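Next up: a single chain in C-alpha cells, the form predicted alone.
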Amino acid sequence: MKDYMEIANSNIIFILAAVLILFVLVQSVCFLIMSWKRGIAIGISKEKMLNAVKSSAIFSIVPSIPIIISLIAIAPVLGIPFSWMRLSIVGSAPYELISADIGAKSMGVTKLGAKGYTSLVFGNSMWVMSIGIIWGLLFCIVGLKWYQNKMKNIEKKDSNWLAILINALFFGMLSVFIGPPIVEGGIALLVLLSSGAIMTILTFIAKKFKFDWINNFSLAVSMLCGMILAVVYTGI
C-alpha cells in the first residue's frame, strides 16, 4: 500500500484543490464587480470605493499571516493541496486538526501521522473534515432567516436574555478550543495564557490611547505570537 503522503501530495489532489480555489476566486471577483456597480448606482464616488478596496486589501494581509503559518503547520500531516484548499475556503487550523484527528481515532489510530495512519485512514479524515464543515453553510441557507427572526422576537421580549443566550453560545464554542489546553496543561496551556495576555495588552492599548486601528490586528498578532511562543516553549 502506498504511503498516504504520496496520495495526499499527488497531482490529482492538487488539481481538485486548484479547481475549487479557482471557483472561489472567480466568485470573489464577481462579487467585487457587482459591489462596484452597485456603489456607482447609489452615488458613491469612485475615489471612496477605491480607498475602501485599498484599505481592505492592506488590512487583510496581517490576518492572513496566521493562516499561512497554519498551512505550514498542518501540511506535513495532511499534505499541501488538501490543507491549502481547506484553509482557502472554509474552516480553520484548529477545526481541521480536530476533525482530522477524529477521523483517525474512529479507525483505531491514536493520532495524525502515527503508526497505522494509512491512505485509507487519511481518506476517512478527509471525509470527516469535509462533511463536518458543511452543516454551518447548509444551516445558513435553510435556517438563517428563521434564526434571525427568532432572535428578533427574543430581543423584543427581553434584550437581556438575548445577550445572555449569545454569550453562552460564544463561551460554549470557546470551551471546545480552550478546554483541552487547560486540562492537559504544559506547553498548550502556556501558549493559551501567553496569547490571552498579548490580546489583553493590545486591547488595553487600543482603548487607553484611542488607537482603534489596533483592533483590526490584535487577534492576528496574538495568534502569530502564540505560534512563535509555542516553538520557543517547545525548545526550552
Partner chain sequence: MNYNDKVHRIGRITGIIVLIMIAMIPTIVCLKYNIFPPFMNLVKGIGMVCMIYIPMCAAEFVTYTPMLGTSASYLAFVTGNVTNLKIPCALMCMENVGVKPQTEEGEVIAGISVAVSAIVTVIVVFIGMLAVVPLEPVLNSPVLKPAFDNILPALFGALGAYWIQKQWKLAIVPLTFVVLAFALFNIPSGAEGVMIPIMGIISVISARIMYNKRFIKEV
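Positions refer to the first chain, counted from 1. None of these values were measured; they are calculated from a predicted model. C-alpha atoms forming the largest set that superposes within 1.5 Å between two forms make up the rigid core.
We do not show the form predicted together with its partner chain, though everything after this point is about it.
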Applying a 4.5 Å heavy atom distance criterion, does residue 91 contact its partner chain in the model of the complex? yes
Given that its partner chain is not shown alongside this chain, does residue 84 nevertheless sit within 4.5 Å of it in the model of the complex, heavy atom to heavy atom? yes
Just checking whether residue 110 would be counted as a contact of its partner chain in the model of the complex - the rule being heavy atoms within 4.5 angstroms. no
Exercise: residue 145 in contact with its partner chain in the model of the complex, heavy atom 4.5 Å: yes
Which residues in 140-174 have a heavy atom within 4.5 Å of its partner chain in the model of the complex? 140, 141, 142, 143, 144, 145, 147, 148, 151, 152, 155, 158, 160, 161, 162, 163, 164, 165, 166, 167, 168, 169, 170, 171, 172, 173, 174
Is the C-alpha displacement of residue 178 equal to or greater than 2 Å between this form and the one not shown once the rigid core has been superposed? yes
Residue 219: after superposing the rigid core, is there a C-alpha shift of 2 Å or more between this form and the one not shown? yes
After superposing the rigid core, is the C-alpha displacement of residue 150 2 Å or more between this form and the one not shown? yes
Closer or farther in the model of the complex: C-alpha pair residue 149, residue 35 (3 angstroms or more): closer
Residue pair residue 224, residue 55 - Cα distance in the model of the complex, closer or farther (3 Å or more): closer
